[in-house]
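Okay, here we've got a single chain as structure tokens, the form predicted on its own, with questions on binding and movement later.
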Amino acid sequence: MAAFINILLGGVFHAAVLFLVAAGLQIVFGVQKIVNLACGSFYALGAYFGVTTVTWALKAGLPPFLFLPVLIASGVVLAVIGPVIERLLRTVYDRDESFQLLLTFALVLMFQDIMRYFWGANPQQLGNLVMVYGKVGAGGVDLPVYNVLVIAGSIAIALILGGFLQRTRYGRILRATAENRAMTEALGVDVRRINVVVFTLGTVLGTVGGAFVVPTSAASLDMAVELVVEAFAVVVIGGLGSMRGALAGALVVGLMRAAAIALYAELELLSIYLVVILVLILRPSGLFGKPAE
């Protein structure tokens, strides 16, 4: 029983982080119709910047228990790169998807070199800082309180994002732009500004997700590509452009990954791919995606 709870909690923690990145990917595609491979780079950049920011803050005398707000702030600060990258992507908005994929993959390679230049090739980590908040017992399993805070934070972000998209005027404009871009523009909406806001929001979700994960694992150059694979698995399972799909897909991938690591680590990626293949065969549009007309 303890082993099952350990797998469950580990999977939910990974799903919480993965959801943030996948949600950013979904909202960017929904409005801008851009399949953004660079989402993994934003995740890795958030992780590296989070390590650096927290290390600086602790050396400056910050109480260790305040490192979580610093992590969140470090991810939010990276919003400044969103408008810059969006400006570059404007050149491929109306072009074939292959151009979009090539450009965003080029960004992955560029960010990898940037991170290697600033942080080197060795992984960066925060040591045992995750245990500052202590542990909580659950079914005979000791779970770091930090993991609980991250899960709760991701749930809060999901609720806030859902409320923003469904209940606010600006959220309705975003949904209208996703449904009919030309009509929204004809009604006087500044679609160019919408694109900047949406892409920046997607960037922040990715960088905050990366910042969240560094107390539990090291920031490395490989994490960008690894995350892209998992994020697109989430999108395929949940359905492209669906926020509910991002949540469901993240839970499936997170739990499958945790179970595979606990039972037979070599099956970690294979188990995820098997689920993706099954979904593509039985429901190509994903669990919550709209079938192609």
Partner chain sequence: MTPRLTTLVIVGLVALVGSAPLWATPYHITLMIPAMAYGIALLGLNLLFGYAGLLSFGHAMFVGIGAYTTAVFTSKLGIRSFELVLVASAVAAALFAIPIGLLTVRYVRIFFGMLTLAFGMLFHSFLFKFYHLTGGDSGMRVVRPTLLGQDTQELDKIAFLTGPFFLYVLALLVILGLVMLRIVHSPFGLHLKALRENARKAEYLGVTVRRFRLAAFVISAIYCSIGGVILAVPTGIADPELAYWTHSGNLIFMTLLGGFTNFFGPILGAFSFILLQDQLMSATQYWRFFLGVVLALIVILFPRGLMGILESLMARFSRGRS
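Numbering follows the first chain given and starts at 1. On a predicted model such as this, the values are computed, not experimentally measured, just so you know.
The same protein also has a form predicted in complex with the partner chain, omitted here; what follows describes it.
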Each of 37, 110 and 236 within 4.5 Å of the partner chain in the model of the complex, by any heavy atom, yes or no? yes
Contact label in the model of the complex: residue 228 to the partner chain, heavy atom within 4.5 Å: yes
Contact with the partner chain in the model of the complex for residue 251, defined as at least one heavy atom pair within 4.5 Å: yes or no? no
Given that the partner is absent here, does residue 193 sit within 4.5 Å of the partner chain in the model of the complex, heavy atoms only? no
Decide whether residue 58 counts as a contact residue for the partner chain in the model of the complex under a heavy atom distance cut-off of 4.5 Å. no
The unique member of 155, 92, 218, 132 whose heavy atoms fall within 4.5 Å of the partner chain in the model of the complex: 92
In this chain shown alone, the residue from 76, 197, 149, 102 with a heavy atom within 4.5 Å of the partner chain in the model of the complex is 102
Using a 4.5 Å heavy atom cut-off, which stretch among 29-37, 44-52, 60-68, 242-250 contacts the partner chain in the model of the complex? 29-37
